[in-house]
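Only one chain is included here, represented as structure tokens and corresponding to the form predicted on its own.
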């Protein structure tokens, strides 16, 4: 998930780099709603102490009163982790982090045991991760329990051991055996070094801190930067800790710098433009879709807000679309990244650029501060501003010069603003002109936008002219992005024409004599449709105007045929045309009496057979008398009777296939029992002959 989110962030940054300016807003209610949704415990607890800390820290920074009752279960997990002899250093640190927020009641013996384990681990540490968790655990113990002695007497040695893993470009390695360095490791190292500085007794050698400050500046030399001022730390290494997205890497570095700034009293001389660029990066992400990414974003913004002498200020606009028709006012809000009010200052509108042009108007106009809303308001737009897209350049002026040393405003801030309005349409008409003299044959006035239903007729020797005027609410010329005239033939063939302009007047003349080939010589009705639209035009419209009945000459033999019309793919699933079947008239049949007479003649031989059988009597001399042969003989005769019954059923109701299947089964049965019966008769006959 982190990997995918990292690629998403890169895509957003590439898009931002192509824009003229980027607008960011401080943390809002959207972040709070997302936090409550993403950090939702299951069965009253989170999956791990790390997840618990991320949720609690995010809630704390956002000022969310905990909606979930997790104190009991979380404190129990903290106590178990601290008591366990098998807990790793990370488990101890996560438990202490959770406890720093929940303030659980800790067992003093367990705390002393942790202190001993952390110091032993620190003495034997040989990787950056070991230093990070050992020192981080001791710092947390110092903050939570005053009775515990966690001071470091050999702080210089530990400091140099961590510093030995650093590189010339400001990045760090995770261990001496790993030659690859990363920005994420640099953030971890800075946090560990800040812990060493806070735990040192006596204080760290000042030359070591000076070297560390230079390393931080080198780290900023390798930061990624885009034209809109957005900055972030990219990660090119995929190592033991997995791929680190730009969000997590940048957050790690920011946490480390904030920790160094809090641990030392010296000025770090951080580059203000790049600190502000990092703030734009974290805010430009929007609202992340995963709990882990949301934690990184909010925690990093909290660290940026608390960095001494480099607190970024954000200028944001509640609305970047201003309607002159509705007399909207341009409002600017100055705040910190978490939305806290800015110190006393003024916001001035310095320049206005036409979007897509380098030409600028020098304004230098102060915005009025509204104490009730906390907004700086531009009450009236400059006189040279009309409907369109502009880039407004703002500058922050601090009332107290000392605030320049504490806050970073980044000089001038450029914001893309859309000035919209209702465009006035006048003198709209559609005319049929005589082709030779240019005289008006038919003239119709139009209401744009509005309902129109003109009915026109023309031949190939005439012309159609459509004209109208467009002007802004200030009476100036307005040229929309789209102005099209479409004629659609009744067969579905479309013809689209661009409407040109000269000043306020928009006009198009269609000479049907020159368009007969384009129209494929298709006479008939053409529906007329006009489209006028623009992003800054509040009353853009697409509406039918009516129709024109064209009488065009017949197409020559080699004329281009109109293209086949696209078939709606959904039409195949619609109702099909009804199929009407015409049955053949039945053949003429004989009279019913004749059919019955014929049936009687067919049955005469059968009844004669029955009469002769009754007169002569059945011949049963050769019928088997023993049990088994007689059984087969009886079954053979019953099988023949069954075949006759099957023929009767076929005549009455069965179909051919059902009859054949049943006849096949009966045939196999008759072959078996008939073979047995005939074998017995043949055996009996041979015995009699031998006697």
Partner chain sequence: MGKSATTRDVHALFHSLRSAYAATANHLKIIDLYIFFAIATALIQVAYMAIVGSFPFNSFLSGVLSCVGTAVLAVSLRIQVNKDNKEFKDLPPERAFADFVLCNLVLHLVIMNFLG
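Positions refer to the first chain, counted from 1. Every value quoted in this text rests on a predicted model; they were computed, and no experiment measured them. Whichever C-alpha set is largest while still superposing within 1.5 Å between the two forms counts as the rigid core.
Unshown form predicted in complex with the partner chain; subsequent notes refer to it.
Though the partner is left out of this view, residue 628 does not reach within 4.5 Å of the partner chain in the predicted complex, counting heavy atoms only. The partner chain in the predicted complex comes within 4.5 Å of no heavy atom belonging to residue 561.
The partner chain is not shown here, and in the predicted complex it never comes within 4.5 Å of any heavy atom of residue 45. At least one heavy atom of residue 613 is located within 4.5 Å of the partner chain in the predicted complex. The stretch from 441-449, 588-596, 220-228, 398-406 that comes within 4.5 Å of the partner chain in the predicted complex, counting heavy atoms only, is 588-596.
Every residue in the set 601, 609 and 682 has a non-hydrogen atom no more than 4.5 Å from the partner chain in the predicted complex. Scanning 556, 617, 514, 356 against the partner chain in the predicted complex with a 4.5 Å heavy atom cut-off leaves one residue, 617.
Looking at 650-682, the residues that come within 4.5 Å of the partner chain in the predicted complex, counting any heavy atom, are 650, 651, 656, 659, 660, 663, 670, 671, 678, 681, 682. Once the rigid core is overlaid between this form and the one not shown, residue 599 counts among the residues whose Cα shifts by 2 Å or more. With the core held fixed, residue 559 shows a CA shift below 2 Å between this form and the one not shown. In this overlay on the rigid core, residue 608 has a C-alpha that sits 2 Å or more away from its partner position between this form and the one not shown.
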